[in-house]
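So this first bit is one chain, no partners, the form predicted alone, shown in C-alpha cells.
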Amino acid sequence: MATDGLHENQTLASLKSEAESLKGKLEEERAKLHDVELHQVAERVEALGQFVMKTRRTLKGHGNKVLCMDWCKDKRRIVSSSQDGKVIVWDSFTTNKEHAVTMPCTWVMACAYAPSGCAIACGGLDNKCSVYPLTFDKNENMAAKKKSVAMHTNYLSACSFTNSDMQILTASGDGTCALWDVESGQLLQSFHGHGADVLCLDLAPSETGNTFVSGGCDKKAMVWDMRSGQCVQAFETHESDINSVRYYPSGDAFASGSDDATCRLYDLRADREVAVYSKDSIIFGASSVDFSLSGRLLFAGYNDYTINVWDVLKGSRVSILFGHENRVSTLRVSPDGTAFCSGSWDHTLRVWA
C-alpha cells in the first residue's frame, strides 16, 4: 500500500514538471511573437496636451469606507456601497440621495446598476448577491422587494449585470465566478480556474461579447467564455493580487491594477502583456482602473490616496489627482465619458471632470 502512495507522488511530481516545461514552451512561443513595444509604436503619436481635472462634486453620506460604485446608463445616477452596510443611490448632479438600503451585513464589497436603471445589485460578506428594484414611491420599503439571486460559499467581491437586467455575473472569495438568472436565482454557469479569491471582473464591451475577464489573489487575469464556462486566455505577469480589471473600449485589450503597484495592459489578439504603467515613486497598490471613452487615458486609483492618469499608448503618467484623504477603493468613468467618479476609504465619493 505504501508503494502506491510513493507511485502517486512520483507521477504527481513528473506531471508537475511536465506542466512547467509546457508552460515554458508556451512562453517561448509567445516571446517569438513579441516583436515591438507599444511605446515604440506610439512614438509617432502626438503627446497629450496639458489637461486639468478637478473635483466637481463630493458625495457625503456613508458612515464608513466606500468600497464599490457604479454609474447608471442615464449618465447621472451613481450607486455606491460601503463598509457601514449601506447602499446609496445618488444624483451626481445635485448630490442628493435618492435611495438608501441597509444591508444585513457590513462590508458591502460589490454593487452594480442594472442596464435599465430600474434595479441595483449588491453583496459582500453575506456571500449573496441581492437585487433591489428602484421605484420613485417614497413610502415604499425597498428591503421588502429584495431578491436574493446568487449564493457563494465565501464573500461576494464583484457583480455586474450582463447586457440585460435578467442575468448577473458574480465573483467571489470562494475562487469562482458565476452567471445567474435574476428571476429564478438559478445558476446558469460557473467558472472555475482561479487558485485563490477572485477580486474583480469586467464584461467585454460589445453587445455580442460573450466573454468577461476576472482577476484575483492568484495574480492571474483570466478571460472566460460565458457560454461554455471555459477559460480561453490567462495572463500571469503581476507579482501580487489583481484588484481591478477593465476592458479597453474596443474590447481587444484589457487593463489590470494590482497590489504590486503597477497597472498593466494585455492585448487579447497578441495574447500577451503589451505595457506596464509604473514609476519608482509609486510604491502603493492600485485598487481600481478604468479607461477614458477614447481609450487613450487610463485612470488608476491607488492606496496612497492619489489617482494617477496614464497615457495608454506612451506609457507615461500625464497627471496626478489629489483630494481623497484615504485610499481610493473604486473608480469608474461615466458612460458618456465626460467625468469619472472615485470612492474612497475617507467615506466620500468624488466626481471629477
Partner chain sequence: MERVVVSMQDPDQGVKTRSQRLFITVIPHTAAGGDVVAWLIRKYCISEEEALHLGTLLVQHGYLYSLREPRSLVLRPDDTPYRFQVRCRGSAIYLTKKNIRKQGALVGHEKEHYDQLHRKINHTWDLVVMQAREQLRAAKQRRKGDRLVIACQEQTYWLVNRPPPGVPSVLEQGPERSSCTAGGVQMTKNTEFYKQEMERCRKALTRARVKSSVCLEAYLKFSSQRGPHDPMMSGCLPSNPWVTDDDSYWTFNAPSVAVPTKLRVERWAFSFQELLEDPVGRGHFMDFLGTEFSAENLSFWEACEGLRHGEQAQVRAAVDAIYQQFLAPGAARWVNIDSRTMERTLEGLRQPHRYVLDEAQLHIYMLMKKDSYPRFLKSAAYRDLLAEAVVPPEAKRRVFPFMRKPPHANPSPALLPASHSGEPVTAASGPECGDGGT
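For clarity, every value in this text was computed on a predicted model and none was experimentally measured. Basically, rigid core = biggest C-alpha set you can superpose within 1.5 Å across the two forms. Numbering follows the first chain given and starts at 1.
The next section is about a form of this same protein that is not shown, the form predicted in complex with its partner chain.
Asker: Any chance all of 92, 166 and 217 sit within 4.5 Å of its partner chain in the predicted complex, going by non-hydrogen atoms?
Answerer: Verified in the predicted complex; spot residues all in contact, yes.
Asker: In the predicted complex, is there a heavy atom of its partner chain that lies within 4.5 Å of any heavy atom of residue 138, even though the partner is absent here?
Answerer: No, residue 138 stays farther than 4.5 Å from its partner chain in the predicted complex.
Asker: With a 4.5 Å heavy atom cut-off, would you call residue 76 a contact of its partner chain in the predicted complex?
Answerer: The answer is yes: residue 76 has a heavy atom within 4.5 Å of its partner chain.
Asker: Residue 279 near its partner chain in the predicted complex, any heavy atom under 4.5 Å?
Answerer: Yes.
Asker: Could you confirm whether residue 97 comes within 4.5 Å of its partner chain in the predicted complex, counting heavy atoms only?
Answerer: No, no contact at 4.5 Å.
Asker: Since the partner is left out here, which residues of 289-307 would have a heavy atom within 4.5 Å of its partner chain in the predicted complex?
Answerer: Residues within 4.5 Å: 292, 293, 294, 295, 296, 297, 299, 304, 305, 306.
Asker: After a core superposition, would you say residue 338 shifts its C-alpha by at least 2 Å between the shown form and the other one?
Answerer: No.
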